[in-house]
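What follows are structure tokens for two forms of the same protein chain, given separately as structure 1 and structure 2.
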Structure 1
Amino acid sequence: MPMYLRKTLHSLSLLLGVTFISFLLMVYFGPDRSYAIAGKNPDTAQLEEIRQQLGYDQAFLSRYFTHIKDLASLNLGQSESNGKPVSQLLAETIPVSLLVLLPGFLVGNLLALLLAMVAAWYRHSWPDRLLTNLSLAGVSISFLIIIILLSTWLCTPQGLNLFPSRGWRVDSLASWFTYATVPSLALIIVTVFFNLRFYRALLLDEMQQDYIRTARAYGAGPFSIMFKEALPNTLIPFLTRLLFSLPAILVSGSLLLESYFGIPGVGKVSFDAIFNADQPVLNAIVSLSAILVIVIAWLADFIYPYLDPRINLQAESP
């Protein structure tokens, strides 16, 4: 069987396993919504009718396959808080989260890589020690503390008061810059602290290779060695780190940033759903986040051969 087909089947099996676990925990053993819908003092006939409408009377496998079908068709039910379809709610909030998180995430990773190149080139000298110690100190500080410090410094009359402290009224590039600057700065700082030492370790390992020593012996400069020699050979672990950080940033990162700054993205919706016990919204976010991780892993397996020709997904299994 070709390796690409094996990996696809493996991803599908993981997908079924993850959706099964999420169904088991969030739906099958989740809270019984029939009592909340029926109101106070319902009779047995009312409860039975509601349970039939919700599908609680169906067999286990029937309910699971219905859950799979609903996920595939994005029929995610309605929010118990505001009555909106969950798919519509996500369609409105995901673009906002991307506008808030993606620039800071990409800039933070690029800046972490550039600083890691400086640290690796000047290994064991003062720039390396300074950057390494800053990174270590940075990862010891809570993300929430960084958000509060930046907000106090940039968004309050006690500080510089340059940006709004809460809200999201974006209709132009200038308004986006106004509302996204402080959250993006917080994410950039955390991303740099979190990734700097990892990227430095990758580059240091590559700098020990014979071809790097040869290039340096022939007089190649730091730019040529780092960008033309070392970086191309570290793209796979770099890309892996980048791709698998995305789901965590979109969920946990947005949860803190958006709930603190009042930005109506996926994180704010998740925070409100947790606070209000909005089961359909929580179920959709948990299930779709797990699916996103598996899809990213599947895509990564197909991108790797283009970065390293030694990886051949078309190879036949023994």
Structure 2
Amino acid sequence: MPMYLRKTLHSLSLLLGVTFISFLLMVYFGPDRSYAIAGKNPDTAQLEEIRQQLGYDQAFLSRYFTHIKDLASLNLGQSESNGKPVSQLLAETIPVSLLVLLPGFLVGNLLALLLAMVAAWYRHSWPDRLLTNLSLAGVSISFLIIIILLSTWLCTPQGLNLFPSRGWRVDSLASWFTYATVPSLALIIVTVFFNLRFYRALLLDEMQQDYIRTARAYGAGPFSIMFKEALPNTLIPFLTRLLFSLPAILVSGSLLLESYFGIPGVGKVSFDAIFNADQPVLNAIVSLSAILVIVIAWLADFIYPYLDPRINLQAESP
């Protein structure tokens, strides 16, 4: 079996797994929605009818297949708290989350990479020690604390009071700066602390390879050694970390940032859904983000051969 076929089959099996777990948690053992729909004091016949409409009377497997079919056709039901279709809710909130999170996420990762290059270049001397010790202390500070300190400093009368402490009315670049600067700063700080040591270890590993010695012997300067020789060899782990932390940042990171700053993105929606036990919304977000992780991983496998010629997807796997 060629490698790409094997990888695709593996991804498909993972998809079955995550949809099964989301089905078990959210649908099968999830809340019984018939009472909520039936209203107050329903009789048994009414309840039975609603349960039939919801498909509660069907067999386990056929309910699971309905669940997969609904996900595949993005037929995600309606939110129980405000009656909007879930797909519409997501279409409205995902762009907001991307606007809040993506710039900070990318800037933070690039900054971490650059600082990691500095640390790896000056390994074991003071810039390296300073950066690695700072980032170790940095990852020990909870994301929460960073958000609170930053917003108290920048958004309250106690501090500089430069930005609004909550809210989201973005329609232009200037308004984006008003509302997204503080959340982005918090995200940049956390991303740098979180990634710096990992990227440093990657680069340090490459710096000890023989081909770097060759490059040095042939007169390559610091810039050329880092960007043209070492960096191309770290692209795969770098990209992997970037891609795999993206869904986590989008969902889990936005949960905290958006609920703290009152930004109407995916995080805020899932936060509200958790508290209102809004099963269709929660189910959609959990299932779709898990599917997103698997799809990203699957796509990444097809990018890797372009980054490292030694990887061959056509090869027969053992």
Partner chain sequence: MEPIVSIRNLSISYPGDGARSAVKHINLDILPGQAVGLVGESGCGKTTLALALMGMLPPGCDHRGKIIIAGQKVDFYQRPGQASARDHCAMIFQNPQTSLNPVISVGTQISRIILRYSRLKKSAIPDRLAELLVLVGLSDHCRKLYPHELSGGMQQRVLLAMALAREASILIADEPTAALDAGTRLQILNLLKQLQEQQKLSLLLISHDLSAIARVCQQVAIVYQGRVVEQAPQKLIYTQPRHPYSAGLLAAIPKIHPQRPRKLQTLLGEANHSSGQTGCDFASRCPRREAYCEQQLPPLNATLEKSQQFACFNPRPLSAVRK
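Source: prediction; values computed, not measured. Here, a residue number simply tells you its place in the sequence of structure 1, counted from 1. Just so we're on the same page, rigid core means the largest C-alpha set that superposes within 1.5 Å between forms.
Note that the form predicted in complex with its partner chain is the one shown as structure 2, not structure 1. Core-superposed comparison between the two structures: the C-alpha position of residue 174 differs by less than 2 Å.
The Cα position of residue 218 differs by 2 Å or more between the two structures after fitting on the rigid core.
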